[in-house]
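Shown here is one chain on its own, the form predicted on its own, set out as structure tokens.
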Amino acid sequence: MDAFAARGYNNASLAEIADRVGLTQAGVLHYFRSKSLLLTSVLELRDETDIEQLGTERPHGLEFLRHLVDTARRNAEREGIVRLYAVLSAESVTDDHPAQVYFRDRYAGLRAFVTDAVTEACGLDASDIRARTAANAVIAVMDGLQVQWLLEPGAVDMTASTGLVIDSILAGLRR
């Protein structure tokens, strides 16, 4: 996780990763057949950790949107995971990046969850395009805040900013 977060996928070497975990390169490849499989496994571990925080059932509506604010709060305490996500999500837009499908699917799923939550929280019709537009905005704000926070942690309150944006969007849609 640290190697990918610090150097990105292309610049993190298997030799460095093996050294960090006390294995040889062959040892790493014994557990993960390729560097790209190692990368996707690291990303899946990150997601599993976040899902465990939710408990047995994902919240819905306003409760899910509050969960996003809580996620921003937790992220402010785990710089390595935030850096990993920021670096790899940006890097994944390049041709043939091994995490491109992962991030495309992750964003599609997240957009669906946030769209459903906004629809429910505001009492919108399921076909109202404003809920999907709001979901795109919430996700973009959260990702952008992470980059700003990584560059200057003292200048960015991810929790307060995420909460303000969600509250503002909900107020605008409820009018």
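Start at 1 with the first residue shown and count on from there. For clarity, every value in this text was computed on a predicted model and none was experimentally measured.
Beyond what is shown, the protein has a form predicted together with the DNA; the following relates to that form.
> If contact means a heavy atom within 4.5 Å, which one of 45-53, 31-39, 63-71, 126-134 is the stretch that engages the DNA in the predicted complex?
So the stretch in question is 31-39.
> Heavy atom to heavy atom, is residue 164 within 4.5 Å of the DNA in the predicted complex?
Because no heavy atom of residue 164 falls inside 4.5 Å of the DNA in the predicted complex, the answer is no.
> Classify residue 27 as contacting or not contacting the DNA in the predicted complex by the rule of any non-hydrogen atom within 4.5 angstroms, answering yes or no.
Residue-level check for residue 27: yes, a contact with the DNA.
> Wondering, does residue 22 line up within 4.5 Å of the DNA in the predicted complex on heavy atoms?
Yes.
> Could you tell me if residue 15 has a non-hydrogen atom within 4.5 Å of the DNA in the predicted complex?
Although the DNA is absent here, residue 15 would touch it in the predicted complex, with heavy atoms inside 4.5 Å.
> Using a 4.5 Å heavy atom cutoff, which residues in 60-90 contact the DNA in the predicted complex? It's fine if the answer is none.
Heavy-atom contacts within 4.5 Å come from no residue here.
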